[in-house]
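In structure tokens, the next block holds one chain alone, the form predicted alone.
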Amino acid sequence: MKRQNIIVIGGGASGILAAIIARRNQANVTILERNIKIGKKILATGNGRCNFTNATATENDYNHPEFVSKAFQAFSPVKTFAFFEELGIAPKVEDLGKAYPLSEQASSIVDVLVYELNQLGVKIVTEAYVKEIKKSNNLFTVTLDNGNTYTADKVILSTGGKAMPSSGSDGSGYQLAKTIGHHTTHIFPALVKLKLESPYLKHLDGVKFPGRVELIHRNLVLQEEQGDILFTKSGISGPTILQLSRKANAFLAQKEEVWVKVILVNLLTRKDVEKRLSLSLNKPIDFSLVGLIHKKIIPSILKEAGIHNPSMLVSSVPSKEKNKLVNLLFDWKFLVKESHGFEDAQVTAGGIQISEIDRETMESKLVKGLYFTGEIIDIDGLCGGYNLQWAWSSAYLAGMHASS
């Protein structure tokens, strides 16, 4: 069998793993990376700790489960753990299945991957910005912006999406794919902070607390998340909000109105709170909430309830305002204006249409010998290692089949 010459465009997570798999399968492999070094975006994941997979991840944690299923059968989270342990990474699994290297350093993941690439003899060309891909007579020609060209039997397009453009993901891969006949879906930020319509954000900026949030559309709960919530000067963030943001942005793109409902009191019932207030009749209303919710939230929620004198005794607060205050503790709704942009997003939603890609091989159905991996495809998952797992799984299939 002829040894395949493969070019991998993009030296991020999926590009690196695809190169390793293809080289282990005896292909000649060259990575073309636009940055000075490969693996730049990996270093930023998991707040610098690299949440490299999720032990509980299944295909159902992604927007197109049926498409993802074949990649997960070939390279599951279990196989990801084994792959990285073989390279020297001792895993540390935390809450909700999030997996990190025991060193707690994202650089550990990059270091072992680069070591493996060097050991295998994969050629790495940095500062290589690809401007064009052409195919003629079963051979691909890849042209850089400096005019240099490379030829290959197969090309694996692993350029990422548009999230975190400072890492090199500027969406250029979509254009490369389009010039050879592919199409993309609507592309928008996911796992990103949301901007809210509220007069209280300046005062609430920086307030972090555990609670529950719901995404509301036409009075229906679209999604519910529990965990840390963080108010910002322009809106709201935290792991819970990042999980909601994909669905929120999908509705906003359709000009649909969506709301974030914040449940401030997560472990008590409405009756518990009413009883607490009834035992605090001779206390100021603001002081009666101390120990129940974050102190910095108290002035804002009192204003929202129509209580403009925070020193008013609980016994003097009209029942209408008191009821509204209790309601707000369990149902404080904020209109979502928009989200932050790709520069703050952890992942891109949308990408190359899955109908144009063979889910069993990651090969283009339109251009034989062209493969896709990771975020450039219209696949995205939850926050917590899911998107890196997709990068590894899709890369395994592309690397294996491109080299066969």
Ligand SMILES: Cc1cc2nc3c(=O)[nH]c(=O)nc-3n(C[C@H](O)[C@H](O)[C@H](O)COP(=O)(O)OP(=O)(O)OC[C@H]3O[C@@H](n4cnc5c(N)ncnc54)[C@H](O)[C@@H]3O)c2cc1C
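As the structure is a prediction and not an experimental result, all values here were calculated from the model. We number the residues from 1 along the sequence you see.
A second form of this protein, the form predicted together with the named molecule, is not displayed here; the remarks below concern that form.
- The contact residue chosen from Gln346, Thr361, Thr58, Gln353 relative to the named molecule in the model of the complex is Gln346, the criterion being a non-hydrogen atom within 4.5 angstroms.
- The stretch that touches the named molecule in the model of the complex, counting heavy atoms within 4.5 Å, is 125-133, out of 125-133, 82-90, 219-227, 258-266.
- Proximity of Ser339 to the named molecule in the model of the complex: non-hydrogen atoms within 4.5 Å are absent; the residue sits far from the partner.
- Put simply, Leu176 is close to the named molecule in the model of the complex: some heavy atom of it is within 4.5 Å.
- Shown alone here, Gly168 lies within 4.5 Å of the named molecule in the model of the complex, counting heavy atoms only.
- Although the partner is absent here, Met164 is a contact residue: one of its heavy atoms lies within 4.5 angstroms of the named molecule in the model of the complex.
- Taking the named molecule as it sits in the model of the complex, the stretch 319-342 never comes within 4.5 angstroms of it through any non-hydrogen atom.
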